[in-house]
Every structure is written in structure tokens, then in C-alpha cells.
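What follows is one chain in C-alpha cells, specifically the form predicted alone.
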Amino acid sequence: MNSTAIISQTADYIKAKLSGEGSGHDWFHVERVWRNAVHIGKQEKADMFVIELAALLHDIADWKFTGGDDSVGPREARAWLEQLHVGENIIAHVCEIIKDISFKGAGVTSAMKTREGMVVQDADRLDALGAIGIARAFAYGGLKGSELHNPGVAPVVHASFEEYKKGRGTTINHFYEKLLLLKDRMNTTTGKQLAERRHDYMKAFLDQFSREWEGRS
């Protein structure tokens, strides 16, 4: 099977698996990440086959929906790619990207190991910024039953991935614990450029939220 057919079948598989999901980790999220990854990957002159597969499969089994187990996603991705008879070097690369892609806490330094990983991580992080990022944050917060905002609960700088996974903060705190940090953690030149406007939009939203919360406007 050629690479075009593999990409097409993978897209169909993920679309069927994630369509209708309500937390913001649905097929449309994956499609946006895929589209952003293709754009960034072309600018960065990276391996597009690896990038497209990793973008499509990055949320096949997100740790947030597997009891915190971040090994499920790579395992399911491997099983799918082996079924399509993709080469082991490609499978290993894609699974490594899926394993490492997640944000792991404000106090955790983690770097993607390959250019392709950097591209896909940037594409995923772009979808956590801007208007769509705001919408996704509140969709996920609602699913988790998180408070919208509580001035008595301070944001936490999580020192480990395990601590971050166990966090139970408010949705507004999520902006300070993760989303506002992403612009400065983008990997690629293209990703950094694309993140700027989305970051500024998010900051403007938080400023307006604060004014309304305090009854100032």
C-alpha cells in the first residue's frame, strides 16, 4: 500500500473513531492539527509521511481518557500501523512522537527529539490557543466538572507529569497553568509565528473575563 492510501485509511479510521466526541479532542481537532502540521512541515522541510501519520494518530487514545495511562496511545497507533504494514522505522518514529507530544506541566522541561515531532507538537499546541483553544478549554472543563473560576484557588506550577495529570484546578487556572505558556514553548519558526496572534487573543479574552468578573465592564 502506498503512502497516500495509508494516510487516507488512517484519516478515515480516526474520523470514525473520534467523530462526535464532546471534550474538544474530536475528529475536527485532529483534522485541524493535521492541516497545521502539513503547513508547518512543508515550511520546515520535514518528513511529511511521518508528520501526517503522527498528526492523525496523536489523540487515538489520549491519556486524559485512559485513566492517565500515556502508553495506550502509542500502543493503539502501533497496532493500527502494523495492520497497514507500515515499516518499523516509521512506526517507531510515529509512536515516539505520540508518547512525547503532551504538555507535562509548567515546571517540566521536555523536548521533542526530532524535527517531525517538533512540527506535530507545534500543530497540536496551536489548536490549544486562540478562539478555538478557549472553546476547547471550557468544553473539557465542563466534561471534567471543573469550576469555571474560583478566585480562592491559585494556579499551580506542576513539578511533574504525574502531578499535572492529577491536577483538579479551575478552567481559568488552566490558562495560567498551561495555555499561556505554549507560545514560548513552540519549537519551529513557523509555529512561533502562528502562535503570536492566538496568544494575544487569549490574553485579551482573559482581561475581559477579569473585568466582567469584577463588575468593571
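Numbering starts at 1 and follows the sequence shown. Predicted, not measured: the structure shown is a model, and the values here were computed from it.
Heads up, the form predicted together with a small molecule isn't pictured, but that's what we're talking about next.
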query: Contact test, all of 7, 78 and 96, partner the small molecule in the predicted complex, heavy atom 4.5 Å; finding: no
query: The small molecule: the contacting residue among 117, 141, 130, 73 in the predicted complex [heavy atom, 4.5 Å]; finding: 141
query: In the predicted complex, the one of 179, 60, 186, 50 near the small molecule [non-hydrogen atom within 4.5 angstroms]; finding: 179
query: The small molecule contact at residue 43 in the predicted complex, heavy atom, 4.5 Å; finding: no
query: Heavy atom of residue 66 within 4.5 Å of the small molecule in the predicted complex; finding: no
query: Partner contact for residue 25 in the predicted complex: the small molecule, 4.5 angstroms, heavy atom; finding: yes
query: Close approach of residue 137 to the small molecule in the predicted complex, 4.5 Å, heavy atom; finding: yes
query: Interface segment, criterion being heavy atoms within 4.5 Å of the small molecule in the predicted complex, picked from 148-156, 187-195, 35-43, 164-172; finding: 164-172
